[in-house]
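Coming up is one lone chain in structure tokens, specifically the form predicted on its own.
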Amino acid sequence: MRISYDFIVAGAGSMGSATAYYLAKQGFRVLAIDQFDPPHDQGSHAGQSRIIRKAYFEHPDYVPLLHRSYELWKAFEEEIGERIYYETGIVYFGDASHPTLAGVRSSAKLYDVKLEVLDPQRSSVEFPEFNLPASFQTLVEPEAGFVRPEFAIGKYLTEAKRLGARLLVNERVLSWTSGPDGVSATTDKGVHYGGKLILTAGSWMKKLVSPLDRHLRVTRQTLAWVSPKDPDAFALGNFPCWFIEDPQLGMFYGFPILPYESFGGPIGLKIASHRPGETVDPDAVDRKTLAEEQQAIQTVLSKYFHDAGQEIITLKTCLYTYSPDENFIIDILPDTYKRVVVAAGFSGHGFKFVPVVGELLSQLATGKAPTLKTDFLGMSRLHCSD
């Protein structure tokens, strides 16, 4: 018996959960499928917290998307009556001429994002936990902070189901077809039919969308939690999110210590590297931390912090999926009768955009023109037919 849906969403993690929610909210018949049981720790969204900010050094065209994302996070919080976004502020440290800090300043100026530039003396007074070179510039973006990834995905899926969407978990999409009359998604448990297909399978997009295979690279990223000597100094409410651009090791970032009773584990001060890790097959990831990864984290802790602690108490692995230019890929897949929409290559900076990507994918899938500029995220730049 064929059960037909208006839309099938393959991958119900970060972007898929929000897409299912926005489509279900419009009254469409939605099927969301995931090979795991989201939220989970096998892909890109595990780890308790994700940074959200507007002074976007990656590309200034993201800033309008971020403004909309902030609006949608707030609207969703109001709808569910629970908090997802926490405004802690973010402090950026690094050489003033480095592209990261230059990009932060440029985006802030272009879109009038609040940004403070602190001299070294004021920086040391306001952020005494850091031990910084006198040559470093300090930038503060006060209207920034973090969102809760696992919590948000769970809520999007709960609301999507409440609105009538169907969720199938522990079922993997193996292949799909598109034709003039609709689409099919073949899984390890059966075949599902619908009007259109939205592919949001994260690190598995390489295997699911052949035109993207050679354009995507999956990397293993290490997240660490440490125990400072004075936890209160680094606690939520006392300590911001932060970025440090190290001249040799690259960019590292982190979060305040989150209270276990409200957030669950892991416990401690979270730190991670925002640089490409080891290239991996998402189906065969060695989740043991390499010695050099752990050493880099400990080096940053000892080099840039007063008493943050050296003992790593928890290590986790998540996956980044890089596009060639590290910009997202959001588009209608060519040669599919305009029935297949893809979202991929979020390159380690996608979660803050989850609601606006969900909204954009729902617009593309329903044949509406995107309400925001997204041409810089299109597939034409990849020359997939070459």
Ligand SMILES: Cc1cc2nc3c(=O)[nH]c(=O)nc-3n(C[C@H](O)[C@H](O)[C@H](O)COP(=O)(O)OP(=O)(O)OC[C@H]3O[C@@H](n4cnc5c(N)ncnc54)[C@H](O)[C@@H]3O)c2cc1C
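What you are looking at is a predicted structure, and each value in this text was computed from that prediction instead of being measured. In this text, residue numbers run from 1 along the sequence as written.
In what follows, reference is made to the form predicted in complex with the ligand, a form of this protein that is not presented.
Enquirer: If we take heavy atoms and a 4.5 Å cut-off, which stretch out of 115 to 123, 80 to 88, 216 to 224, 294 to 302 is in contact with the ligand in the model of the complex?
Expert: Only one stretch qualifies here: 216 to 224.
Enquirer: At 4.5 angstroms, heavy atoms only, are 6, 166 and 178 all close to the ligand in the model of the complex?
Expert: So, no: the whole triplet misses the ligand.
Enquirer: Residue-level contact is defined here as any heavy atom of the residue lying within 4.5 Å of the ligand in the model of the complex; does residue 67 satisfy this criterion?
Expert: Answer no; every heavy atom of residue 67 is more than 4.5 Å from the ligand in the model of the complex.
Enquirer: Going by a heavy atom distance of 4.5 Å, is residue 255 a contact of the ligand in the model of the complex?
Expert: Yes, residue 255 sits close enough to the ligand in the model of the complex that at least one of its heavy atoms falls within 4.5 Å.
Enquirer: Residue 204: heavy atom within 4.5 Å of the ligand in the model of the complex?
Expert: Taking the distances in the model of the complex, the answer for residue 204 is yes, it comes within 4.5 Å of the ligand.
Enquirer: So, in the model of the complex, is residue 36 in contact with the ligand at a 4.5 angstroms heavy atom limit?
Expert: Residue 36: contacts the ligand in the model of the complex.
Enquirer: Go through 171, 159, 246, 129 and name the one with a heavy atom inside 4.5 Å of the ligand in the model of the complex.
Expert: Looking at 171, 159, 246, 129 one by one, just 171 meets the 4.5 Å heavy-atom criterion.
Enquirer: Tell me, out of 59, 50, 339, 29, which residue has a non-hydrogen atom within 4.5 angstroms of the ligand in the model of the complex.
Expert: Here the answer is residue option 50.
Enquirer: Which residues within 329 to 353 place at least one heavy atom within 4.5 Å of the ligand in the model of the complex?
Expert: Heavy-atom contacts within 4.5 Å come from 346, 348, 349, 350, 351, 352.
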